[in-house]
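Considered here are two forms of the same protein chain, supplied as structure tokens in two stand-alone entries, structure 1 and structure 2.
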Structure 1
């Protein structure tokens, strides 16, 4: 009898596990792969409550690591990713992105048309804007007079040796090297890239940190006084310490954007569309913008934002500054040249 009783218990337990396993397997999910600190948990919870779709959320810290993983998985494993503009073209070329069905995204109508149909994805066939922003010069006015800083070239001033921060971002760092020499930040000319490297070697002794995780932290801790920093990080830092200022270099700030994209092998494309459409709502986009300090691509979202954010010239540049901004594009095979010199730069003694 005891053996029979134990057998019954085991069969019941197996049945419960099987049923619960089936329920989990049948549960609607969307697998998201995004930058860290880019969509708050409460927003994702609101989506789950509204739709019943569970969000399985993973993060990365660079386009390179995201790309490597998606390529390794051959476009499967994730339903929604957020590549930067210059990686969209690369991933399209490599066949890693599924075409976008805009008919499933009625809230696309809320997007600023000036941010659509860009060179990296004409007609937005594979991507649509998520957040965008600029990178310029951050200065702690407690230590440096902002009036004395007008150009990317000022970062090379020997006075700032050991007090400069730059993003841990190959394209942005080389952008300032290229533009300081009068070249395009999207140059594909090996000689120009080499010349930029030689300029960056001169800057290297002044660089205290390469930081893309949270560059506002060393600014607030006064570890660094000046540097190449995302506008959103400067905006958030300035809220805590008004001495921290943002400067538009006369050559023009760096423009960037992160986009919604669906990997070609995504298992839950319909759920990805539902999440994208939810996040495109102006009120939701405004919540993301307010929390993380980056610009929403939806003009209507500014109606939901506090005045200091909606009218910030860091987050929403003037037309004059917009005209000077150079947005990052894919440099295709030339990235190999960038990567070679990037590795050399990181090992400069």
Structure 2
């Protein structure tokens, strides 16, 4: 019996020693917390080779789980995070983000001015765009004449009953309800949200399905002919079936994106700046964009992209459409109102 105690003790001692042994390396690091499938490993290896800074990389799959961890650690533990636009606003309000020192980021000059200074972070004091995209209307021109579709309101057309797909996303679905009434897609007014709900109740019978994972599949299978779908998916669907077209609604497409941000308690802020500056380089940004189908915020990066991507008006809207895009912002406590109507929409109807 003694022997076994001894064995257990030895095992514990051994594991403690090895774990603490690992931590003793005195090396420059940057702790990155990013969405899964966003930056490929070879890009990080290039950064390590160039700067000698080791990248410690971990991933999350929702803004909420990232927020929970950063919040629990009170903004320490990670040096670089990638919240979505509307989470930037929330985390600024919670005091979880450190102000950005733009003088340490010479490559900011590469960014498209139209993407800066958005409502979620006026003046880009705390965040810089990383990757972005839009959500608009997808149409199968075999069944529906794309010229007849110009507005979100066309989704309500009785002709398309049972043939409409929408994103399974509370904010985007309410966005079309709100903007079709002329309100902001980021409305926090309970009356406006209720009015949007009443519109969505009328849309509900037309909806065949809610899908955000892979909306291109029902489009390609001809289960649905029209719907609210994000640009990257329509781009891929159109490659397989040229009948599928993307339409910018006259109310303006929905803009979304993820941003670079540095948590307030980050230990290696300078290394985080170095990494941001590296990822902002047009050639690097192009590699990320090409691999995962999001749009790069740097106009110059298009020189490094294959022609069909760089010239796609689905992935890169014209200046005119750019100006109409409304980016998603936090709705703060009104999310409860949204959530209530969302539940009601899916339950009562």
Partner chain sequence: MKERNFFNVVTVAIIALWLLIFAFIPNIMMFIISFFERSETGFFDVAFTLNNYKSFFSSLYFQVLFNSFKMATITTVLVLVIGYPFAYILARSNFKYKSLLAILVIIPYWTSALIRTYAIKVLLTTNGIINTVLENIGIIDAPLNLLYTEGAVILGLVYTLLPFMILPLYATIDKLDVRYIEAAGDLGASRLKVFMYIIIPLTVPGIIAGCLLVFLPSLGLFYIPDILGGAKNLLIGNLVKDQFLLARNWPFGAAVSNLLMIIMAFMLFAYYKSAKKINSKVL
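Residue numbers count along the first chain shown, from 1. Quick caveat, the model's predicted, so the values are computed rather than measured.
Each structure shows the same chain on its own, and structure 2 is the form predicted in complex with the partner chain. For the candidates 173, 273, 97, 256, the hinge between rigid parts between structures 1 and 2 coincides with 256.
The two rigid parts differ in orientation between structures 1 and 2, with the smaller turned by 24° against the larger.
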